[in-house]
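Let's start with one chain on its own, the form predicted alone, as structure tokens.
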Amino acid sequence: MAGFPAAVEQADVVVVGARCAGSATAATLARAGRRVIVLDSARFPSDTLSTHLLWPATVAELSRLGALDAVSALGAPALTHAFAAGSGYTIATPFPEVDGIGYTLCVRRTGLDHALVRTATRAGAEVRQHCRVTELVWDGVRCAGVRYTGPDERTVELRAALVVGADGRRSTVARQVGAETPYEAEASGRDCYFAYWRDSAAEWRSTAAQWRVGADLGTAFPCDDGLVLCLVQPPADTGKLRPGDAGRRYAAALDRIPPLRERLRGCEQAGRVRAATRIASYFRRSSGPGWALPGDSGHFKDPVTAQGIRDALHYGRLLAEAVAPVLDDPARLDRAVAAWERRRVRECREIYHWTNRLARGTAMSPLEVELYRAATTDPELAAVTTGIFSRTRRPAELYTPARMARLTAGALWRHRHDPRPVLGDIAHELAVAAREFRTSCTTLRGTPPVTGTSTA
């Protein structure tokens, strides 16, 4: 029974979840000389629902972690070019370099996560697989460890100075510390459906491509084992997803994006269509006495900008670097995890807003069309757009007053016979910008509200 553990162990840190955020945290802490035990309910190699595009900044995180060689050995092609098309315009750019890495990878999670687990193990972390955390251990209001059941169904109590909940959107740790309900959230206007295809288009094997047609968005990312990940994000369907719906909605969206259908010509679908619906981006309270939530357990963005793996690796590593020197001092540890959380909020709020804009599930607005048109002949504008996804540029660099004035003037000229759509778009964008500013100055000001903490 959970209340009567058969054994009690001690570690410096317990990490719940061994995938991106968990392995990054564990490997970094282990290299700092800390005893880290990682618990995961899966047995690796193990798949998980993910679209797994790794921008150059993400690949650079793999390099910092010491996992890049193992990930590269999986055979995913280096994607050196970005391609985006919409409303008859095409933007084609190279990827920006991050730490000398100027390419993107698309690596299926089965191989990627296994490589990360092996990296954490080589660094000195102890990874225990097929172990399910059942409850947290408390010392007053302070989280002091976990209880879990292993493959033998034996209950073990594991005490530690810090419990790291890297266990995803349905985080057990988030629920048990009272942080499951986000303090900031925005529902996506898109659903997500994807499948793998055996790729026969050699000319596309170095390109990460996106198309927008009407309100639909579709992508094709070449990945390991000669496959291409083809994803569509149509406007969200409010109906319940019934058996067979995912495949039907996926095929219908592909038919509405003819250039993506053409990209797949001669390719054979390999496996079933996978779906993520009723998506919401959010921030949860992510730190407290003796606990922290890196990865999707604490912060999630719609997959339309493919930022999740980068942030899981990046902020998992930064969490470990922040706490490694202070694990033996509870007061300093609490200050370190709180400062880490504030940093993530400050650094992620702009890309959070940018992602929510792209997740609206609407057709391209007149200003978006003008942006695509201008970027076809303006290499700097194209580079800024690609750089935002790669996290080498900020959305604010796209929305400078001078640039917005030029885009507005161009859109008004092209709609000079009926400027009402442009004027309506301008009014809408000003309202969105005002709302984002208020959100950044209130709920996302960098000091998340305190939530209730369980002491069960």
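The model shown is predicted, which means the values in this text are computed figures rather than measured ones. In this text, residue numbers run from 1 along the sequence as written.
This protein has a second form, the form predicted in complex with a small molecule, left out of what is shown; the following refers to that one.
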Exercise: residue 144 in contact with the small molecule in the predicted complex, heavy atom 4.5 Å: no
Heavy atom of residue 104 within 4.5 Å of the small molecule in the predicted complex: no
Heavy atom of residue 223 within 4.5 Å of the small molecule in the predicted complex: no
In the predicted complex, residue 307 touching the small molecule (heavy atom, 4.5 Å): yes
Listed range touching the small molecule, judged in the predicted complex by heavy atoms within 4.5 Å, from 425-433, 65-73, 389-397, 34-42: 34-42
Single option in 261, 335, 81, 109 placed near the small molecule in the predicted complex, where near means a heavy atom within 4.5 Å: 109
One residue of 356, 210, 172, 385 in contact with the small molecule, assessed in the predicted complex (non-hydrogen atom, 4.5 angstroms): 172
All of 136, 183 and 342 within 4.5 Å of the small molecule in the predicted complex, heavy atom check: no
